[in-house]
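Just one chain follows, in the form predicted alone, and it is written as structure tokens.
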Amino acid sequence: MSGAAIPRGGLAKFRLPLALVICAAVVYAATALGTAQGEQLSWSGVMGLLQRMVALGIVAVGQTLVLLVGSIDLSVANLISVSAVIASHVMNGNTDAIALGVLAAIAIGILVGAVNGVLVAKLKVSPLIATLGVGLVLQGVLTTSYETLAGSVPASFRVLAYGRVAGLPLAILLLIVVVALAGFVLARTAAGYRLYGVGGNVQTARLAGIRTDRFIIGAHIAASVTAAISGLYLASWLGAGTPWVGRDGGYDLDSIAVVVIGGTLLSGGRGGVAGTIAGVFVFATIDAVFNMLQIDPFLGQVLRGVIVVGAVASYTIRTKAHVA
């Protein structure tokens, strides 16, 4: 397909993710040994580090799909809060209502994603403005309807956050499933190749017969569904729906940042979930290292910002050099 940035095969596309993971792992291990906190290198310590990745990792997978089609989603943080609150409110401690609560959260995600997608693809509203506006609407609903914790999730639902299968946290398995599914779609299906085509050159993709609007809407729906799943996980972790969990967690900007760090272009058409998860691992490692060093966590935000700026600058320089 002319003009479409189809992902290349082989191991080349995994070089950046592997480099990020290895560097972050070395820093983590060196900090643990240097601060005499060897327990951080035990099985439970490593699992704790990986579990830090779950909420951000899941929503970042959806954000990857949106960025790949050349769009962006700033509504995910407030949608995470809405999903957590709705699910907790519907369940209200009742085991029999778990399925209904999960379906309600997913349905909200599909609806919000469809609205975002239609605004961007059909009405040609700027993705920044469209998703920011939808996010503000969600925040307004939360502010006016819920001021404190909403409802509670039953103990059986908290297995999602605290349960284990063969010693592996169930939440990590959930993240693996989401990543594997998205990776399979992008690398092994016609839909994935067309999605890259839309992000690489939307006009060329349209001339090639691809219904670009459908892929943009579909990507936004996928992003909102992953945000809803993250909301469900956080409700399970906290035991109740918290109206501020998504906003205070910074999942909107952080999800974009880890995708960019992982090599996905903001302009779309190039990248993938492997790089995104590597970016999530970097952020989780920063948090863990700052905790071990007992450094103000807000400085971690500064370091994250420096990393993102450095990554974008690096990609820009490399792109200009390639064009030249």
Partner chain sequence: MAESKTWRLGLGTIAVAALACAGLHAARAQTAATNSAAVDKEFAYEQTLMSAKPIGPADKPWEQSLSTNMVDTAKYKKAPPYRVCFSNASISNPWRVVGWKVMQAEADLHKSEIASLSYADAQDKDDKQISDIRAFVTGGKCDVLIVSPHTSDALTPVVEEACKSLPVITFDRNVRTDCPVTAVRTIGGYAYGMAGANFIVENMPKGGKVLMLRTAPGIDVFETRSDAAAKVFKAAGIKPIGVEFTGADNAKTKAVVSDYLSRVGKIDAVWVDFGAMSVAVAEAFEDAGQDYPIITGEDQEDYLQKWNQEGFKGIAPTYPAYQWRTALIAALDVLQGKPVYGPDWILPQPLITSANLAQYVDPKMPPLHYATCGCETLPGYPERWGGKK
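Because the structure is a prediction, the values reported are computed rather than measured. Numbering follows the first chain given and starts at 1. For clarity, a rigid core is taken as the largest C-alpha set superposing within 1.5 Å between two forms.
This protein has a second form, the form predicted together with the partner chain, left out of what is shown; the following refers to that one.
Although the partner is absent from this view, V61 stays clear of the partner chain in the predicted bound form, with no non-hydrogen atom inside 4.5 angstroms.
Q51 belongs to the set of residues with a heavy atom inside 4.5 Å of the partner chain in the predicted bound form. Among residues of the shown chain, A36 is one whose heavy atoms approach the partner chain to within 4.5 Å in the predicted bound form. Remark: Y146 counts among the residues lining the partner chain in the predicted bound form, judged by a heavy atom distance of 4.5 Å or less.
Out of the listed residues I108, L160, V178, V115, V115 is the one that sits within 4.5 Å of the partner chain in the predicted bound form by at least one heavy atom. Contacts of stretch 197 to 224 with the partner chain in the predicted bound form, defined by any heavy atom lying within 4.5 Å, are made by none of its residues. Positional change of E39 between this form and the one not shown stays under 2 Å at the C-alpha, relative to the superposed core.
Annotation for V302: C-alpha shift of 2 angstroms or more between this form and the one not shown, rigid core superposed.
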